[in-house]
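For reference, the chain that follows is the form predicted on its own, supplied as structure tokens.
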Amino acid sequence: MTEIILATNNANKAREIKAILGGRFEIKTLAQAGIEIDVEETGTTFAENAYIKAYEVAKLTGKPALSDDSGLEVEALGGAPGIYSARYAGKEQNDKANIKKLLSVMEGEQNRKARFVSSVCLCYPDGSFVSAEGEVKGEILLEERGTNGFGYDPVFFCYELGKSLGEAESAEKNLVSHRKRALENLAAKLGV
């Protein structure tokens, strides 16, 4: 089974990725691989940032590295917070602060359509890579609902589930998540 290093320090993302791809690869987190690195995301798109992170870790370890860059795009905000989703309210990268800012900015807005987007990249030490994307559509709620998930999940009403991602159980969320779709698209490209 191919060993892959996850190019993320985000424990929530690592847990989701392992749950989705677990049986197909031997997946190690950065911590499990004994690596401490925080790659600066200098790209202008989710795909660029996913590649940058995966390439740096693959180059460092000499093993294939998998990265995800994902976030929330709100139609009325021109796609914001987009690639800045994790640090929307500032560098603290605090979910509660990000949600508070989003709800404040969206106050009185009628168009609440939004989507979560995920771009994943499996990069090899030589720089070659395979990438894929996934999305889930919904809208921004007026207030938080549910305590499950992370990030913007409590304020994102998922059309397919008929509830917020914060109200969904992990297994239920993984059925429709943008990250699952991106990872499944990647697995299909890899033929696994």
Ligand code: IMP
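Here the structure is a predicted model, which means the values were calculated and not measured. One rule holds for the numbers: they count along the sequence shown, beginning at 1.
Quick note: we don't show the form predicted together with the named molecule, though the next part is all about it.
- The putative spot formed by K63, C121 and K189 is not touched by the named molecule in the predicted bound form; no residue has a non-hydrogen atom within 4.5 angstroms of it.
- Shown alone, this chain has one stretch from 145 to 153, 127 to 135, 23 to 31, 54 to 62 that lies within 4.5 Å of the named molecule in the predicted bound form by heavy atoms: 145 to 153.
- Contact check for R181: no non-hydrogen atom falls within 4.5 Å of the named molecule in the predicted bound form.
- Contact annotation: S164 falls outside 4.5 Å of the named molecule in the predicted bound form, judged by heavy atom distances.
- The shortest heavy atom separation between L77 and the named molecule in the predicted bound form exceeds 4.5 Å.
- Not displayed here, the named molecule is approached by E41 to within 4.5 Å at the level of heavy atoms in the predicted bound form.
- Contacts between stretch 61 to 88 and the named molecule, counted in the predicted bound form as any heavy atom lying within 4.5 Å, involve D68, D69, S70, G71, S85, A86, listed in sequence order.
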